[in-house]
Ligand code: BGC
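Just the one chain here, laid out as structure tokens, in the form predicted alone.
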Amino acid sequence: MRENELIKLLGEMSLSEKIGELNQIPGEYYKETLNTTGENATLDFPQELVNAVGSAINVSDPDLIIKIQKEHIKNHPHHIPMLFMLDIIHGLDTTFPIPLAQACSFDPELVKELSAAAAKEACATGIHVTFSPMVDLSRDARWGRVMESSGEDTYLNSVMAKAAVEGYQGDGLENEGTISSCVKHFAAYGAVEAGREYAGVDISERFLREYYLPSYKAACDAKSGMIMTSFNTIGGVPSTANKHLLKDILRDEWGYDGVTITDYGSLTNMQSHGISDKDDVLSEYAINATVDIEMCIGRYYKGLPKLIKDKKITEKQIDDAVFRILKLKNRLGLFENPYRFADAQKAKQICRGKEMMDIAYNAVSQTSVLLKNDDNLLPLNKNEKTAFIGPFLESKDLLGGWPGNLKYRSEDKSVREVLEKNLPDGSLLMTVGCEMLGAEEPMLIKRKLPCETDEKARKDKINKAVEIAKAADKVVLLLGEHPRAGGEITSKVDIKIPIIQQELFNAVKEVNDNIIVVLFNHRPLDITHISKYAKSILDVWFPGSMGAKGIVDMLFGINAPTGRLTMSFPYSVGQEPIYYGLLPTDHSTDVSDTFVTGYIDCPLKPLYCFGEGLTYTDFMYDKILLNSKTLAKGEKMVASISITNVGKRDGYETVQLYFRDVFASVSRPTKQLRRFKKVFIKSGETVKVQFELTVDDFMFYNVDLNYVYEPGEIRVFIGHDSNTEDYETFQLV
């Protein structure tokens, strides 16, 4: 439909139709068994609203979507089709590794491929919009939603945000196999105090712009169709009512003309923040902040008519919001084909088909991080006697906190099933050793999860594990967080593995020194004790539908893990939030050896740092070379380094370039990631890796919030991870 036709359509719509377009209806209204998100909404929507509503959430059956759309178009006064939206966080029917793991690939093309694969399944299912990617900068492992993020670094977060949007939306939303992304949560949700879900955020405008906003802007620049407001307040102002964020910055400064939507019930949550309990007051705040769609609760439906009647807002504000929604529907081609590409038969062929499962399998090794491998315990040799122990041995739930369609979980394989299929009979020593949770776990209070309540059974399982560990050359312990311990409302103050699993680990380490831990987790964990005694640690996060086969093939060296950490692992939860890019302090080691910032009972640095990760070969770095000692506006600098694979196996190395602006008008981080490349290097081969830099790479917000660069000394670090100390210097002029 042409834009002038959209304008004509808007002009013909009644006020009640327009207000209906700004409301979303929950899928529960249609009485389907659904995967639901958010709080239980009141389902007493009047028929007038149902007939005019602009979108629905949580409907994921193609036949039902077509049926609802047909009925809606028939009843709508102007026959405007609905948008169907769903949380597709790391896959729909095929589940891929969690987003935090995807970022560990340091490969934006992989993130793009996984997003495109999810979009292909979703499009055939009839979904138009996914509430993804989440681009919140995440530096506190206590927050459960870090599993949806790309981690602690601003630059990496921005690169991955762009890749995910491009993956979902392809070359254009008119094309089959695409869906609109909805970037979330605007803004700074990852900075909630103490990692508490829904808590407040209090950061300076300079830090907001310097570290937290760039990833949202990268996603908006990639033409994301939608952006979602966050639950948190910033400086006491709820994001959904934050005119400075949503209008001044997002609309006016960045020029974003896409659709904005609240998070589920966040207008009502403004009441919890102590703003108001009145529909019209809450609606006034949101519409003045240019929020277009209210998700599911109906405050807009009740509040906007009164605001128009009382002349507190104008109908033009309503028109502007409706027009943005109509334009998104037009981008998706819904006016020409309201059912778009929904096709139950095609969805059945695509979803969890060979193409999708191959993509899921290939992602496992690229997103897993080998944190430790003393004595080269990995990869395993099939001729060795290896014991496989742990609650994740027999679990088919390797999907993580935001899986898509759960009905396929039972079809996934467990690690035990893959081992039994691929290794000789009689060569395997296997037992679970314990359940995932003991009765003492705090998360059981709210979640009603199965746990071990029989103390005798608990001891017997551990004793059996000890016996087979004694008989083995090596022990693989499959341990970690419960699959429901990540995602929304899973904030934690104890980020160790469950107590019952700690007991299992301690018992096994007493009888076998050759321990390999395969770690399942949504967030960085406190694994200081495990790291002290385990010789190898392979972090597989939650690897998805093909996790079991991917893990087994890594353990036996068919594939090698190539991921790198995108969030630092602490020595203790007391270090949280912890991240590599700290600001230098007035008591830094550059100045003093005694009066320095730190702790008396714990190192200042993390146990495992950002960018860290091993593989099944080793690399040697040569000296850093810069093609110039100065860099001016309009010029390019080339930083290069030669890297040699000194191991016996071909492998991938993720080369990382960091910089430090030594002296500036505001304090700058001790290191900031600015480039990275993942390169394949054959055994014995040397490759030269080059990075181009310009003045724009060193710009920052000064005290007056101007985006500038300042002449002075820049240190360029190139190395294996953020701990690298090798650098060369040049002068910005």
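Predicted model only: the values in this text are computed from it and were never measured. Just count from 1 along the sequence shown to find any residue number.
There is another form of this protein, the form predicted in complex with the named molecule, and it is not shown here; the text below is about that form.
Partner contacts here mean any heavy atom within 4.5 Å of the named molecule in the model of the complex, and among 179-187, 478-486, 384-392, 621-629 they occur only in 179-187. Among heavy atoms of residue 263, some come within 4.5 Å of the named molecule in the model of the complex. Interface membership of residue 579, defined by any non-hydrogen atom within 4.5 Å of the named molecule in the model of the complex, is ruled out. The named molecule is not shown here, and in the model of the complex it never comes within 4.5 Å of any heavy atom of residue 608.
Residue contact with the named molecule in the model of the complex: residue 228 places a heavy atom within 4.5 Å of it. Contact with the named molecule in the model of the complex, judged by any heavy atom within 4.5 Å, is made by just one of 57, 65, 693, 52: 57. Only one of 120, 564, 128, 145 lies close to the named molecule in the model of the complex, with a heavy atom inside 4.5 Å, and it is 145. With contact defined as any non-hydrogen atom lying within 4.5 angstroms of the named molecule in the model of the complex, 295 is the only contacting residue in 266-296.
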